[in-house]
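A single chain, nothing else alongside it, follows as structure tokens in the form predicted alone.
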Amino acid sequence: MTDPLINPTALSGTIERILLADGCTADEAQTVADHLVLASLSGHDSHGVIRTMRYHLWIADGTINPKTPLTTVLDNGPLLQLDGQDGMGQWLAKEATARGIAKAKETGIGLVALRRAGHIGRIGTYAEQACAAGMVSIQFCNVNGSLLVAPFGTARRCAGTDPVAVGIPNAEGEDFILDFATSLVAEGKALVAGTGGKPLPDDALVDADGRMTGDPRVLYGDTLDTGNPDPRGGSGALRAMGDHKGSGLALACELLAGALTGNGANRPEEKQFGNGLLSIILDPATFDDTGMFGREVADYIDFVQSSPPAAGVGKVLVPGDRERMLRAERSANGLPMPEPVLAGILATAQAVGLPDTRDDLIMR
């Protein structure tokens, strides 16, 4: 069966109304809904609208708390340390990034340590936000209270999916946006696979005995048969990307975005979920004494993209290209969505008293 094609604007409106009913402010609801839809449009379905049902449940049980502002722990020159108090993650991270950009415009650099944020979603969004302001950015993220990943050489969960992002503005073309989880696949991609979406690679996970598998059930267990699959429900784990190198980067995220920010690194015991984010935001104008930064960025990206493609490759891409192409195609033609995900969003809408909007969501 072909996945239904969903109208992105209508979908964002439905998710926004769910979040408003759940107690979010208008700004929070719009920010989170737009973030989720944009992530799905960009091909990051794992951090997109499939999260709607989980956020609804997390708000209900107090894992994340609407109407919770950022508090400032440290504001010293270019340094900012912020506490999200388990609020709505995308809204908190957007605001933290804006404050970091303001610092960079003042001093050349803004270094922002954000702790105790609810799920902040696709961190490439914040690299895009910085690029839109003309800033270079580097983000390290940890996911405390979310032991999902077995580092290289282990068969035990010791880390979160702990993503990294780098954004470099290109004034003469498309920005360089590098965004990846340090697990071989993001947890949300396992969730997508387990709910009727694209299957996982055969080596994406390990079972409790350390054997590689692509079966999401080793992560979710029998909760995969419920309306709310829980990645703590299985005895297996996601694998870290890149063998020992990827594992090293994942552990660095735990220490930089977890230990240094005050969010906390993962432990064996159950902990409150929370994202920690360490963002380094740089104003190129401060460092560009030769006046060559913009030209160098554009020329190098052109150099790479003009290289002859390898066998079987149709077009040479750089980080950010695939997301932009998918975003354009899905915005024009509709967002493909597995039926179980659509059903989950509609059921959540009905649970908060909204009418059935299926006919409005599906593109004709």
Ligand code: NAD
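This structure is a prediction, so every number in the text was calculated from the model and none was measured. For every residue, the number given is its place in the sequence shown, counted from 1.
Another form, the form predicted together with this ligand, is not on view; read the next lines as being about it.
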Are E16, H56 and M88 jointly within 4.5 Å of this ligand in the predicted complex, each by at least one heavy atom? no
This ligand contact at D179 in the predicted complex, heavy atom, 4.5 Å: yes
Find out whether any non-hydrogen atom of D34 is located within 4.5 angstroms of this ligand in the predicted complex, and reply yes or no. no
Find out whether any non-hydrogen atom of V297 is located within 4.5 angstroms of this ligand in the predicted complex, and reply yes or no. no
Check whether A93 has any heavy atom within 4.5 Å of a heavy atom of this ligand in the predicted complex, and answer yes or no. no
Pick from S137, T161, T261, T97: which has a non-hydrogen atom within 4.5 Å of this ligand in the predicted complex? T161
For the interface check, one of 184-192, 242-250, 215-223, 68-76 should have non-hydrogen atoms within 4.5 Å of this ligand in the predicted complex; which one? 184-192
